[in-house]
Ligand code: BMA
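One chain follows as structure tokens, the form predicted alone.
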Amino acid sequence: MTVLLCAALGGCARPAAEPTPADRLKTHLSRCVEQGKVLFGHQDDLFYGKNWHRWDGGGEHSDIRAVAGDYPAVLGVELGGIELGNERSLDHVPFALIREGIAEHHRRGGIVVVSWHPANPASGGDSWDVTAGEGVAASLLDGGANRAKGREWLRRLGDFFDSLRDDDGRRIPVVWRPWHELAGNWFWWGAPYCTADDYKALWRTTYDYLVGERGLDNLVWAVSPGFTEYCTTGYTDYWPGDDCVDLVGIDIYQYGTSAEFTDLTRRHLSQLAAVAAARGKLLALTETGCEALPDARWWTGALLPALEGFPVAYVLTWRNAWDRPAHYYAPFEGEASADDFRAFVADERIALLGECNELQ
């Protein structure tokens, strides 16, 4: 009867497809941009910070919450080492704890961004080992000497992403940022050692496995090649493809004065905002910071004006190492910029976890 009625009426419209976890996350990020909000994020915030870490019996803590009274809206996590079957990341965090922290942050209404610094498959060194020179990325492609190893690496990644589940058993969405900073000369997949064709094939191989073979629908794909002398075409010649990129970003740190950082960031965001608009992608400041924060007014004096006027969905500051006294990029209790950070997050444009949750 239903078929006959539909035929008589000229056909029935198919029910709309249920949004995937990744779709819902993209909608959330887009809504934040529409509301003029920039979500604040901090790398590894739930796992360790200045003079503390959570494993080996340590309790839950957060440097951002200790200073500002709320968790960061965005939690950055690192999967370097998972490809080798290790139990801990290259930053010593147990992957079981990372999985737990992702679930916690998602349960509270936060957003998770995942980075990955994989080992060098040719030399056995780390991501920063470029001694093997050119051709390492190509070795992971079809016909390459390390193709089987690459497939095993992707399998381990896929297992981890598939294991990210909420209390109802649904996959937890994350922003996934593989093969980043290709414009530099510090990673083995960087432009000096990897042709544009090989980079695009490496990205496509990663995408086809995780999405095509594994059916993972919880990944928002973020590309952040950067702008340097080695690769000014990171968003053109090295572009992986519109169908496998959802967000464009840039990693930019302060190495000179605060004024220089603001100017440089604004110039890059201006170029990048045009790329995002032309391709219909989200925009983010995917990594940033100033090590040890020598400028006590860095937050309102450098970072806030750098973001002014750009449709940035989130900004992620790098980690506060528990075992390296001068390696920190966010305030902690008693740190000199803590008061300025509180002023920064009090600005109507910046959102911590509570406001992020309200914008869903």
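Note that the coordinates shown come from a computational prediction; the quantities given were computed from them, not determined experimentally. Residue numbers here begin at 1 and follow the sequence given.
Quick note: we don't show the form predicted in complex with the named molecule, though the next part is all about it.
Chemist: Among 91, 83, 251, 246, which has any heavy atom within 4.5 Å of the named molecule in the predicted bound form?
Modeler: It is 91 that has a heavy atom within 4.5 Å of the partner.
Chemist: Pick from 281, 106, 117, 171: which residue has any heavy atom within 4.5 angstroms of the named molecule in the predicted bound form?
Modeler: Comparing distances to the named molecule in the predicted bound form, the residue within 4.5 Å is 117.
Chemist: If we take heavy atoms and a 4.5 Å cut-off, which stretch out of 298 to 306, 324 to 332, 33 to 41, 59 to 67 is in contact with the named molecule in the predicted bound form?
Modeler: Going by heavy atoms within 4.5 Å, the stretch is 324 to 332.
Chemist: Check residue 78 for me: does it contact the named molecule in the predicted bound form (non-hydrogen atoms, 4.5 angstroms)?
Modeler: Judged by the heavy-atom cut-off of 4.5 Å, residue 78 is in contact with the named molecule in the predicted bound form.
Chemist: How about residue 319 - does it come within 4.5 Å of the named molecule in the predicted bound form, if we only consider non-hydrogen atoms?
Modeler: Result yes; residue 319 sits at the interface with the named molecule in the predicted bound form.
Chemist: Check each residue of 127 to 141 against the named molecule in the predicted bound form and list those with a heavy atom within 4.5 Å, in sequence order.
Modeler: Contacting residue: only 128.
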